[in-house]
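Only one chain comes next, encoded as structure tokens, the form predicted on its own.
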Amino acid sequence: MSIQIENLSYKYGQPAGEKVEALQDISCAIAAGDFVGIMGHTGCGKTTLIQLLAGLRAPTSGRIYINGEDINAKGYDRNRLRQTVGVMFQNPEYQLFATTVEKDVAFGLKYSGLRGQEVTARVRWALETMGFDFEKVRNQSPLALSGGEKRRVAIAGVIATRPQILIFDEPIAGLDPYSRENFLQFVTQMNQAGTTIIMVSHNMEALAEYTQHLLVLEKGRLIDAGPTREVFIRLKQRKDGAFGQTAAQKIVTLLAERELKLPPAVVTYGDLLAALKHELTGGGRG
């Protein structure tokens, strides 16, 4: 499903009555089936933006359209929105609450209209997709699972509704490299199957490697947007260096200081290996 954001702003009310502007006049479009990353420093408005996209907050001004419909318009079906957009916030394992894993994963299907057997089949699919043995885990308490297992159960609860848009807020924070790679591969497979993915992350390598487009927020404003590679190249050119560089870009900078110049389009490790191979085998020499 496509998303259109028009002149979106949001202000938080403070105890003393003053207003703090968390987002300011943001406009952008996300195509159906896209994989979009959102990056920016802590406090720049990333979480507020995804809360607005999920319909958990209403904007102070501006519009959000999903498939051409204003999700904050009077009469818009909020239940349909919950079935369309799945969102997983930071530390989702802390949101587990049911007495069994099966009940926890099934919670989001409460108003889906599915019958009992259909709900069970959907829960089975979600848990098996996340690598669980359904019969083995269904009656276990989610609170008795390991940290990594809790996170996978939480993700199963999100994907059980089979949302057409999946939003993740720092989903790989705290994961070991193996678990991080597995998660990103899973999200990529969901995207390739047609799900629109929006992922907030501080992990520049993950954003560079997996996303197709990138939104960059700074102090509540959208300061850059476009194809991921192009955005990273522009960020590297910023004089203040506020957003840093990917590891591959840093290596390119170091090599340039040693008189080995590689193309500015190098953003990922894959780019770096290809550029080095081209250079060292003579392909870069006229």
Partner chain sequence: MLVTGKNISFTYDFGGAAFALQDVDITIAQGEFVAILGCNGSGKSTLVKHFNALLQLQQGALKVAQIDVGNTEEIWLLRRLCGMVFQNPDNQFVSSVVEEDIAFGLENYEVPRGEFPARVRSALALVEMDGYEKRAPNSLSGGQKQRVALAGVLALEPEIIIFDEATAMLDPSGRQEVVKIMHKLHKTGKTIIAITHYVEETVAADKIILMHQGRVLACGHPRAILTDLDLMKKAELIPPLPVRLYYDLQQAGVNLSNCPLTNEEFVEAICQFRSKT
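Positions refer to the first chain, counted from 1. All values reported here derive from a predicted model rather than from experimental measurement.
Note that the form predicted together with its partner chain isn't included here; everything after this is about it.
Heavy atoms of residue 276 reach within 4.5 Å of its partner chain in the predicted complex, making it an interface residue. Proximity of residue 94 to its partner chain in the predicted complex: non-hydrogen atoms within 4.5 Å are present. Interface residue remark: residue 272 is counted as part of the site for its partner chain in the predicted complex, having a heavy atom within 4.5 Å. Although the partner is absent here, residue 178 is a contact residue: one of its heavy atoms lies within 4.5 angstroms of its partner chain in the predicted complex. A heavy atom within 4.5 Å of its partner chain in the predicted complex is found for exactly one of 192, 139, 146, 79: 146. Residue-level contacts in the predicted complex: of 28, 32, 233, 255, one residue has a heavy atom within 4.5 Å of its partner chain, and it is 255. With its partner chain left out of view, the stretch that reaches within 4.5 Å of it through heavy atoms in the predicted complex is, among 100 to 108, 168 to 176, 212 to 220, 125 to 133, 168 to 176. The candidate spot formed by 22, 54 and 161 is out of contact with its partner chain in the predicted complex: none of the three has a heavy atom within 4.5 Å.
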